[in-house]
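Next up: a single chain in structure tokens, the form predicted alone.
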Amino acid sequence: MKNFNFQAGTKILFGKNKINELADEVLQHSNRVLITYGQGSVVKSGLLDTVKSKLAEKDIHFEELSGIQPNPRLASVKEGIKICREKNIGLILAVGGGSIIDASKAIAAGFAYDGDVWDFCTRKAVPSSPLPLGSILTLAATGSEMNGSAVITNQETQEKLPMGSDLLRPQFSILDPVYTFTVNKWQTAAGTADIMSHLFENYFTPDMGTDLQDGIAEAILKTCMKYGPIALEEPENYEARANLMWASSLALNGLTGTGKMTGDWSTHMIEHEVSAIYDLTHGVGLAILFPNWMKFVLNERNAFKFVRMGKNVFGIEDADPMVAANKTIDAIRKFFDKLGLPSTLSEVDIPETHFVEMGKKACQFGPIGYFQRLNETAITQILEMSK
């Protein structure tokens, strides 16, 4: 196990009616707020009105930025920065899922930066002195409510790139599982796959001696496998929604990656190239790609990691490690099938037209992945396996 520093700086307010604590949390940072949200769900559910009333009760001034899309666009980020500067905003309050929180992180980072906010994604700059951020989560998926990472889409260049800093961790996040009752089956399934994919990225690494971290990841995986199908059939099952919501946060707050050199993250980078062009739901893309990445990188040297997951998560045992490893990958695919997710890109109307281009763009900063390094040819092959 490697040396590490770990601090999960986000204050979590978890459970029913935690919205009642919103104003007091906001006032610890500012009395001027930008509320960011998406394309209507928080309006229809009444959550936005509740947020506004809670702020108004404490005379907290607020501005609004609506219409942030899934795979959040650079244009929305720039609009948010403009509002924050013109209206002297002191805190950003993201109300929604990971896309809203990601866009808000980029706005927070860009507020005090004189250059183009896209510089954070192209590694030309790092965030410094961002605005503080709070979130009210409405979708269990990305873990953005408890980490400092964000992914932004530049429509002009058809690029979808990550950015991040511990400075961008939300100061607080309100996690009320009731707010996820209205999430439809497609997004619930995609969110469950997204959570699991974050665990895969930190699980499949070359590191040794990280039994505790891997055991935590296995427990969260089993939680997803238990409660994902229940949430699909019983959308207002509080325990199912609560367990998925907390799994989302714990899967990507740094806990399962501590003591490791780094996570793999190549599958995420490949999916970013796909959704940058085709605007695919992130969790759906990951569900399609991950089993194929696993098949591609599996070999006799690393099969032991698949064997461990197969035994501890799926109850798979076989004297032949390669057989056990392949059974494990097949079990993951079967679970995604159980969630009703597609297994090929053609099922979501994505042709192979841009596979070579995607491979090249995924490697614009060099080969990706650490469980196995992947060049542009390897990425193209994984995409071909997924078509």
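These numbers were taken from a predicted model, which means no experiment stands behind them. Throughout, we count residues from 1 along the sequence that is shown.
Keep in mind that the form predicted together with a small molecule is missing from the display, and what follows is about it.
Taking Gly134, Gly285, Gly98, Gly80 one by one, only a single residue has any non-hydrogen atom within 4.5 Å of the small molecule in the predicted bound form, and it is Gly98. This chain is displayed alone, yet in the predicted bound form one of Ser76, Asn147, Gln213, Ser173 has a heavy atom within 4.5 Å of the small molecule; that residue is Asn147.
Interface residue remark: Phe120 is not counted as part of the site for the small molecule in the predicted bound form, having no heavy atom within 4.5 Å.
Within this chain, Ile220 is remote from the site of the small molecule in the predicted bound form, having no heavy atom within 4.5 Å. Mapping the unseen interface onto this chain, Gly359 falls outside it, with no heavy atom inside 4.5 Å of the small molecule in the predicted bound form. At the 4.5 Å threshold, heavy atoms of Thr182 reach the small molecule in the predicted bound form. Figure note: of the listed segments 321-329, 33-41, 334-342, 348-356, the one touching the small molecule in the predicted bound form, with heavy atoms no more than 4.5 Å away, is 33-41.
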